[in-house]
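Take a look at this single chain, the form predicted alone, given in C-alpha cells.
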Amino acid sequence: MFPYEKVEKVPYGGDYNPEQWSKEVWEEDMRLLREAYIDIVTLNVFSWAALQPNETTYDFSRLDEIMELVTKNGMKVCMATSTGAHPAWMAKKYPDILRVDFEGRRRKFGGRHNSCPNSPTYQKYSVALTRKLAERYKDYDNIIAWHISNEFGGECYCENCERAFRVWLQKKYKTVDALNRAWDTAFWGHTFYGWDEIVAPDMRSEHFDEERTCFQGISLDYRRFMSDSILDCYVREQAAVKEVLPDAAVTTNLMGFYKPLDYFQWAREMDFVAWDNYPSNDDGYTRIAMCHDLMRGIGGGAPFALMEQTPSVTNWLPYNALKRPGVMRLWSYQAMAHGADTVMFFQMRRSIGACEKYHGAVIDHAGSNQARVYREVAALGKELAALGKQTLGMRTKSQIALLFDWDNWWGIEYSAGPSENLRCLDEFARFYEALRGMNYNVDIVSPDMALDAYRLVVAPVCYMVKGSDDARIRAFVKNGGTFVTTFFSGIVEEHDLVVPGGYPGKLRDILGIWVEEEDALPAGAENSFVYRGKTYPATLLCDLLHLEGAQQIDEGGYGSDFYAGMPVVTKNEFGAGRAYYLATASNEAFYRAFLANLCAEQGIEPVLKTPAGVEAASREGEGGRLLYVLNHNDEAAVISLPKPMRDLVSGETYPAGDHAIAPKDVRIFQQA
C-alpha cells in the first residue's frame, strides 16, 4: 500500500541526479526546488557504477552527501536501487550479464536495460547492492518508498535464458508429451523427445519476423517466461529491501500498455503501483486516461503513483513538441482524476550530455526561476500544497469493466492471420475511448478478477479464453449482468490451440451464435450495416454468423457482398442477463451509440454530461465524492452542474447551473 502515513499532501517532485553536477550547483538546486514546492525526490536511479567501482568495493560517500543535503532541506525521498544499468567493469569481467537480442547477437556494454535477467552475475550483484543500500539508509525517516531498478523491460535469448526456459517449461508441463500436445508439435514435424532439444524462439528458430511466429505455443510461452524472469529480478531486490526494512513500501515504475511484461502479474508483487506517463504527440486525452485506468486496474482499484512525466518536452519522439501552457497542470490533474496520489517528473535539473539532455526538466539549462516551465511547475506546486490531504486515498467507483489480458494481446498478434491490421490495443481502445469520451468511469480488469461488482462487462476481441474465464462470464450474465464481446473471440484456449466445434468456442452458449467464417477486409475497404436507423461502416473483419437463440438487433445485416443480410449485432437473453456480439469493427459514432444504449438499459449514468473535449471523472472516499472536470480544448467551454459544488482548487462555491471553464483549466468539485 502507498505510505500515506508518511505524507501530508500529494507528493510533488521526481528524479533528481545531483551526481551529474558539481556540489556548487546543489545548494542552488535546493533553493529552486523549494521555491517550486517540490517536496520529494527520487534518488540514485543510475548510480551503480559510482557506488560499486569494482567487484569488492562499495563507495556511498557521494550518496551520503546527497542524502544529507535533501534531508536538511526537508525533502522526502524515493530511494532507487540503481540496478537498471550495470557497470562497465562487470560486463567486461562477466559477459554472461550481457543480453542476446532477437537476432541472436550478444550485446556489448552500453545503453541501459542491458542485463540478462537470468544471468547469475546480475542476480548476485543486483541483490547485493540493494541489500547494502537498505542497510546503509534504513534509519532515514524521510525515505518513504523504495524504487527497484527503473522501467524494467527488454528480452533476452542467451544460453542462460534458454536453459532457464527449459526449467520453466518442466515446472509447467511436467512431461515432454504434455508439452508436445500443448504446442501441437505434430505440425511441421516439431515433436520433441527431450527438454534439451527446445531452443528459444527467435529469428534463428521459429519466427517469420519479430511479430509473427511459426509456432504460437512456444513463442507465447517464451513471452510468459521472460515476463516472469524479469519479474523475478524485481522480487529478489524487493526481498533484499524487506529483509532489512520489513515495513518498507517497495515499487518500480511501469510503462502503461507495455507489451513485453504482464503487469497484472507484476502488480501482485508490488506494494503499490507506479508508472511513467509519456504520451505521444497525437494521443488524445481518452488514450492517456486509458493508461491511467490500466495502472489503477492492475492494482485492484487502489490509487497509484505517477512516478514520471515530463514538465515540458519529451526528447525521444520523432517530433518533440512542447507541452503548451497549461497542459502540464491539466495532465497532472488528469492523472489524479484517474487514481494518482503523486505528481512526479523526470527530471529536476536538465542534464547537459547524452541522450536526454533535451528532455524537459523543472530547472532548465538556463537555471532560471523565470522560465515558463519552472513558473508553471511552481504554480501547480502551490495548488497541491493548498489541497493538502483532501484528495489522497480516494478510489474510483465504476459499474463498467473492460477486460484486458496480456496473453490475449500476445496471442492475437503472434498469429499469422486473419489480418495484419488487427491490433489488440486498437480494438480495446474503440470501446474505452467511446465510454470515456461520454464520461463513464471505467475499470480495466483481468479476466480472472471478480466481475460481480459490475453491471456492464466488455471484452473486445476476446480471442483467448483461458481456464475458467468462461465460467466467470457465464455466471456474471446469468446473474443479471450485460456482457459484450466482438469478432475473433473464443477462438483458442490458453496454449493458443483452436477450440474445436465452432467459434466462439466456450462462449458460444452465452452468446447464442455460431460463427462459420470471417472475412478480412483490406485497409480502406468497407461493408456496412444499419443500427437504430443509422448506417455505419463495417471494417477490418466481418464474421459470418448464424443465430443459435440470439436475436439480430441490427436492421438488415451486412449491406453488401455474398454475406449481405447476415447478422452484425446480436443479443442473447441468458439467465437474468444479456450477452451482445459485434461481428465487425466500426467507427466511433457507432460505439458511442451502442454503448450509450447499453448503459441506459442498465441504469448506468455518466459522471457528468459535458461538451466535447471536456472530461469528467470521479473519486470517492471518507471525505465524500470529488468530481474532476478538465477542459482539454483550446477554447472555453460551458458545463452544467446539477447541484451546488465547491471547487477545491480555487475555494469558490458554484451554484447549480451553467458555468464557463477556461481552456486547459481544471475544477475539482466537492458537493457544497
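This one's a predicted model, so the numbers in the text were calculated from it and none came from an experiment. Sequential numbering from 1, following the sequence displayed.
Here the subject shifts to the form predicted together with alpha-D-galactopyranose, a form of this protein not shown in this document.
Chemist: In the predicted bound form, does residue 251 come within 4.5 Å of alpha-D-galactopyranose, counting heavy atoms only?
Modeler: Judged by the heavy-atom cut-off of 4.5 Å, residue 251 is well away from alpha-D-galactopyranose in the predicted bound form.
Chemist: Within 4.5 Å, heavy atoms only: does residue 150 come near alpha-D-galactopyranose in the predicted bound form?
Modeler: Yes, residue 150 is a contact residue.
Chemist: Contact between residue 469 and alpha-D-galactopyranose in the predicted bound form at 4.5 Å, heavy atoms?
Modeler: No, residue 469 is distant from the partner.
Chemist: Is the gap between residue 46 and alpha-D-galactopyranose in the predicted bound form 4.5 Å or less for some heavy atom pair?
Modeler: Contact check for residue 46: yes, within 4.5 Å of alpha-D-galactopyranose in the predicted bound form.
Chemist: Tell me, which of 592, 506, 136, 359 has a heavy atom within 4.5 angstroms of alpha-D-galactopyranose in the predicted bound form?
Modeler: None of the others qualify; the residue that does is 359.
Chemist: With alpha-D-galactopyranose left out of view, which of 102, 140, 109, 278 would have a heavy atom within 4.5 Å of it in the predicted bound form?
Modeler: Of the listed residues, the single hit is 278.
Chemist: Choose from 418-426, 219-227, 205-213, 150-158 the stretch whose residues reach within 4.5 Å of alpha-D-galactopyranose in the predicted bound form, heavy atoms counted.
Modeler: Among the listed stretches, the partner-contacting one is 150-158.
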